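Have a look below at one chain only, the form predicted alone, in structure tokens format.
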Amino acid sequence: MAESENIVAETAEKIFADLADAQTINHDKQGAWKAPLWQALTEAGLPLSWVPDDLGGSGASLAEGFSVLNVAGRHAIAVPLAETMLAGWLLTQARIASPDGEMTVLPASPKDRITLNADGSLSGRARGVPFAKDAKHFAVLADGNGSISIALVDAAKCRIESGVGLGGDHNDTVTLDKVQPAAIKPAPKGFDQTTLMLMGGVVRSLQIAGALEAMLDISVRYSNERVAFEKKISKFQAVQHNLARLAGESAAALAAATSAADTIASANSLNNDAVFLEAASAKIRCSEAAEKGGGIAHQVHGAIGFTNEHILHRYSLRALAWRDDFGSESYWAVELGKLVAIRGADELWPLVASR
């Protein structure tokens, strides 16, 4: 990690440690912790990390922003930091200035489409949009008139059907019915919905990897505290084996996610096979690790890990929920298979070996 990335990550870590303690949040049923946390994040410029200074952001690099997302995953925060960062990045692709406040992106699934009408308005339905109910604006990728456009839309002009995801956060359905955007510009050449889904997938992969790191720390700590049959459960071979498996899943997820993030951060364009391979593989591997790792962590904790009073579910359920955002592992496995089939057997090994 470069020194600048380390500084940005440390800033995020300090904010989360001070204002997003998992136990404190778990006991606060009114959500009073959200406003101070978002205020601190905003003052530090983290929500608009990927937005240049001249467009209203803090002008951080992609690598610096990715480091923040991994830290955010380790704290499993329930505010739209990742979504606002991604929305700001999307708007920046079309040189649209980012407004203040919470944002999220449309669509959040590769199966949904937003259409640009002939009169310049937007229509369509996007399901499973994270934090749509909390957002003040949407960054929208729209398809129409033979081209791809990026738009900024006032959330108040859209119909939002409230929903709750597996992790307990807003996961809503947004309907646009001839909504006039606040700003709209053509997307860069080669930028399409797959590009957005790949970037979103890497964002979620980093968050999942961070959550798995936290689950490993919590599980190891608990195994050294819990006593059964007159000795700590960490001394039992079966528990040690499970913790080793959890450590393996966490390490695999972190390696896949950071490799994809590094590839994107150093790429001249996101429209190439290397980025596709890394991003799709990261989402597949991290999603698998979320299922396996979460199961192991809960097994180590036993019944107490399933209670609402324990903090473990904040990490395990969000990691599972993040699997479906911006394309599930099964979707990306199919897409990756299609790429390999199209390129042919002779090109597979050189591509894999180059990573």
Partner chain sequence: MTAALRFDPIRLPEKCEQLRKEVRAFLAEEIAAGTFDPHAPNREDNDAPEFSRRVGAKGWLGMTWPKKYGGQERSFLERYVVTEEMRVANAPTRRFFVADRQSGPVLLKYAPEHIKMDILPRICRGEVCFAIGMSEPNSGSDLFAAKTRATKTDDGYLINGTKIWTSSAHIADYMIAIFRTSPPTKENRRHGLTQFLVKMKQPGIQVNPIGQITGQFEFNEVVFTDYFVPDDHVLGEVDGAWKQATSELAYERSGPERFLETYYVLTELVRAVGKNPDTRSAEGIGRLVAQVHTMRRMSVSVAGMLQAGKEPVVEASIVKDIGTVWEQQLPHRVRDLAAFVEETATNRETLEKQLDFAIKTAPKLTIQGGTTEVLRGIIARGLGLR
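Keep in mind it's a predicted model, so treat the numbers as computed, not measured. Positions refer to the first chain, counted from 1.
Note that the form predicted in complex with the partner chain isn't included here; everything after this is about it.
Undergrad: Note which of L166, C158, I184, L277 lies within 4.5 Å of the partner chain in the predicted complex, where distance is taken over heavy atoms; exactly one does.
TA: Filtering the options by heavy-atom distance leaves L277.
Undergrad: Please tell me which of A97, L243, I148, V79 lies within 4.5 Å of the partner chain in the predicted complex, judged by heavy atoms.
TA: Spelling it out, the residue with a heavy atom inside the cut-off is L243.
Undergrad: Is every one of T258, I284 and A353 in contact with the partner chain in the predicted complex, taking contact as a heavy atom within 4.5 Å?
TA: Yes.
Undergrad: Check whether G120 has any heavy atom within 4.5 Å of a heavy atom of the partner chain in the predicted complex, and answer yes or no.
TA: No, G120 sits far enough from the partner chain in the predicted complex that none of its heavy atoms falls within 4.5 Å.
Undergrad: Find out whether any non-hydrogen atom of E288 is located within 4.5 angstroms of the partner chain in the predicted complex, and reply yes or no.
TA: Within the cut-off, so yes.
Undergrad: Would T263 count as touching the partner chain in the predicted complex under a 4.5 Å heavy atom rule?
TA: Within the cut-off, so yes.
Undergrad: May I ask you to state whether D217 is within 4.5 Å of the partner chain in the predicted complex, using heavy atom distances?
TA: Looking in the predicted complex, residue contacts with the partner chain include D217, since a heavy atom lies within 4.5 Å.
Undergrad: Counting only heavy atoms and a 4.5 Å cutoff, which of 167-175, 104-112, 81-89, 220-228 contacts the partner chain in the predicted complex?
TA: Of the stretches listed, the one contacting the partner is 220-228.
Undergrad: Just give me the residues of 306-344, first to last, that have a heavy atom within 4.5 Å of the partner chain in the predicted complex.
TA: Read in sequence order, the residues that approach the partner chain (within 4.5 Å, in the predicted complex) are E329, S330, A333, V334, L336, G337, K338, V340, A341, I342, R343, G344.
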